[in-house]
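Encoded as structure tokens, the following chain is the form predicted on its own, with no partner shown.
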Amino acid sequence: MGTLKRLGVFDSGLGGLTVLNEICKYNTGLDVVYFGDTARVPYGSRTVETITRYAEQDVRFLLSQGVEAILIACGTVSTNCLPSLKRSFSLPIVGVIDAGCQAALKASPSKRIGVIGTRATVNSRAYEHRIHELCPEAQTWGVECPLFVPLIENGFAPEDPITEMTVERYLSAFHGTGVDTIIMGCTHYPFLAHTLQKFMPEVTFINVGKALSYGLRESFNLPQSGAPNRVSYFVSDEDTGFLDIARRYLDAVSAENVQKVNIDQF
């Protein structure tokens, strides 16, 4: 394909903004349509069939906006639906798994790697399978963290005692494993990066959005004009928390003029 004119990005909620933020840090002249399915977040507790149906609707909405390629900024969809979406739609579609696995292997001296994610992501073992394909001698551990997304979506600050207790509870599962690198397998989790690092300061936490942003210009032949990035924001339910959290934590994008979409039409 020629130079990409319009990129679609979607997530189950606001987690994908962490991916969008990283993309916009390292690329210029982008025209992006971002969709957050705030009415149906979280995806990670749903069945694969339901996740796939939601993801197909998300893709169809982005197609209605004239996008030429799609980035799945959602760990749950990337790990459970990417092959199915590629079969169902003809445009280029990229998930976050491969970039995250490659970054983790590069960062890990011992090749003892953890994965934290939603229940659906961890149960899929997609990150683990890809790591072992790239490095058969690697050892992996997956830990479900189902409360992280609701905490973030409901505005609990990373330093809130409830957030910190939840982080400590989940990360304790890695004690004794010797992991030196952990993939944040849900794109919401970078919002908690400082708290995660606080409880495991010796571990490198992989932000899959950051890992993906480096290679995206080759994957999608992104423009590098030096012009400002343009982003249109859509959600499936009105949510002031979307704007509040975006303004508080993101430095490369500004979520303004968010439009509501009836996703059931797609």
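When you see a residue number, it is the position in the sequence shown, counting from 1. Only a predicted model underlies this, so the values are computations on that prediction, with no experimental measurement involved.
Unshown form predicted in complex with another copy of the chain; subsequent notes refer to it.
Asks: Is the gap between A39 and another copy of the chain in the predicted complex 4.5 Å or less for some heavy atom pair?
Replies: The answer is yes: A39 has a heavy atom within 4.5 Å of another copy of the chain.
Asks: Is there a heavy atom of D31 no more than 4.5 Å from a heavy atom of another copy of the chain in the predicted complex?
Replies: Output for D31 is no: heavy atoms all beyond 4.5 Å of another copy of the chain.
Asks: Taking another copy of the chain as it sits in the predicted complex, is P150 in contact with it (heavy atom to heavy atom, 4.5 Å or less)?
Replies: Yes, P150 is a contact residue.
Asks: Given that another copy of the chain is not shown alongside this chain, does P146 nevertheless sit within 4.5 Å of it in the predicted complex, heavy atom to heavy atom?
Replies: P146 belongs to the contact set for another copy of the chain.
Asks: Could you tell me which stretch in 226-234, 39-47, 202-210, 65-73 has residues with non-hydrogen atoms within 4.5 Å of another copy of the chain in the predicted complex?
Replies: Selected stretch: 39-47.
Asks: In the predicted complex, does each residue in the set K25, R125 and L243 place a non-hydrogen atom within 4.5 angstroms of another copy of the chain?
Replies: So, no: the whole triplet misses another copy of the chain.
Asks: Of K86, H129, R119, K111, which one comes within 4.5 Å of another copy of the chain in the predicted complex, counting heavy atoms only?
Replies: By the 4.5 Å heavy-atom cutoff, the listed residue in contact is R119.
Asks: Taking another copy of the chain in the predicted complex, which residues along 159-177 bring a heavy atom to within 4.5 Å of it?
Replies: If the 4.5 Å heavy-atom criterion is applied to another copy of the chain in the predicted complex, 159-177 yields D160, P161, I162, M165, T166, R169, Y170.
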